[in-house]
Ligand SMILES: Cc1cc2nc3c(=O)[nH]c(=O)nc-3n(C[C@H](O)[C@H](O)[C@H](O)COP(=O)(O)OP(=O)(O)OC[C@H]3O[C@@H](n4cnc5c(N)ncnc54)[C@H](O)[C@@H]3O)c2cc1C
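The chain below stands alone, shown as structure tokens; this is the form predicted on its own.
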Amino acid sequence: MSEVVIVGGGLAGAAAGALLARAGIRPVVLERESQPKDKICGEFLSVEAQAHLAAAGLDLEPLGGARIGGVRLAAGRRLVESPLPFPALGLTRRRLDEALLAHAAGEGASVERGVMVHSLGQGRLETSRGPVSAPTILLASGKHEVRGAKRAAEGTLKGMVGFKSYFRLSGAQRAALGGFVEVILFQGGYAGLQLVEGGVANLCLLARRSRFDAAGRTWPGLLRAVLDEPHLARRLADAEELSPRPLTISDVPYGFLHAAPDPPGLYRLGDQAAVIPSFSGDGMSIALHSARLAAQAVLGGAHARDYHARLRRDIAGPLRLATWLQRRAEGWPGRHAALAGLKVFPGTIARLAAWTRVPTPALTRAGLQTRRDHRSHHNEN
């Protein structure tokens, strides 16, 4: 087996696989899904996320993402909009993850699909295909916990239920939504709406469990309840729901930031390292940021604890701010007044969007050349 095994072939795992392979290491990527699959995600690719993907060598242009240049906030009959301080894309995780995983394989990573990792320890994994040994393990399993390395998520924002479904909007509403990501605040939660490739709208909705219970604990009941929000009702008027059933998730540990001790040689990526509230739109960027840092750490021989310390320094500030904002927004009775204030000072929205982003330095391949150059020199001698 390879000296590096990556658990999970999603965004963080596939990106780390591509980066390591481009630098001369041939990692093994163990992906639990045997076929492409939709994932519960807002599918908002910030400029930082796009830069990380470009540094990994992935060309986004052929994937046909929807351009996003502005944000709208809605609560009741109040609506405020602002340009984003960066260009963004709406792109389905099904298309993006598959393209990135294929790219990693093309760069030289060994991708094994349909492999579940049941447990791990120092230098070893128990999988559905038997035991695996590797001195370096990158844990990028997303929301899936692995025995022996479960997240210590005490004190995080649990107790929420999330849903995601695709809709084909009417022509007028699709045109009105185009170029924007919309966040609709309601009592006990919020929804996000944006276009992805093909003119399809992605609706993600996060609600307190009590709000879900009051709606009869069903997706149709909850959707009917939040359609009391006039902006969302207008957008979904005459819309066709394309998903046969919504994707669901519960008890996501928003605000989680890994700090607990791990077995030596274990690097956590993506949601296994940190979970930022979804309204920030920075989840995919953080996943890709962790992939870049982990690849650099592995190539440079840095200890896993040093990698985690660096990642915490980079993302702690935006994570704390986004978590604080979500705590305030959940059922906040003053949300209508807040939007009235934002309408007077719309630049505040752009500033908040900038403050919840993880700064991304200029991305080049220079930091990923060490192992390849070393091996080339070794082979020549």
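Sequential numbering from 1, following the sequence displayed. As the structure is a prediction and not an experimental result, all values here were calculated from the model.
Here the subject shifts to the form predicted together with the named molecule, a form of this protein not shown in this document.
Next on the checklist: Quick check on this chain: which one of Ala104, Ile137, Ala295, Ala140 has a heavy atom within 4.5 Å of the named molecule in the predicted bound form?
Outcome noted: Of Ala104, Ile137, Ala295, Ala140, the residue with a heavy atom within 4.5 Å of the named molecule in the predicted bound form is Ala140.
Checklist entry - Here the chain is shown alone; which of His144, Arg78, Arg95, Arg208 has a heavy atom within 4.5 Å of the named molecule in the predicted bound form? => result The option sitting close enough to the partner is His144.
Next on the checklist: Please identify, from 219 to 227, 170 to 178, 304 to 312, 273 to 281, the stretch that has a heavy atom within 4.5 Å of the named molecule in the predicted bound form.
Outcome noted: After filtering at 4.5 Å, what remains is 273 to 281.
Checklist entry - Applying a 4.5 Å heavy atom distance criterion, does Gly42 contact the named molecule in the predicted bound form? => result Yes, Gly42 is a contact residue.
Next on the checklist: So in the predicted bound form, is the named molecule close enough to Val7 to count as touching (4.5 Å, heavy atoms)?
Outcome noted: Within the cut-off, so yes.
Next on the checklist: Check Leu30 for me: does it contact the named molecule in the predicted bound form (non-hydrogen atoms, 4.5 angstroms)?
Outcome noted: Heavy-atom contact with the named molecule at 4.5 Å: present for Leu30.
Next on the checklist: At 4.5 Å between heavy atoms, is Leu157 in contact with the named molecule in the predicted bound form?
Outcome noted: Judged by the heavy-atom cut-off of 4.5 Å, Leu157 is well away from the named molecule in the predicted bound form.
Item to check | Contacts with the named molecule in the predicted bound form, stretch 97 to 132 (heavy atom within 4.5 Å) | outcome: Stretch hits, in order: Asp97, Val115, Met116, Val117.
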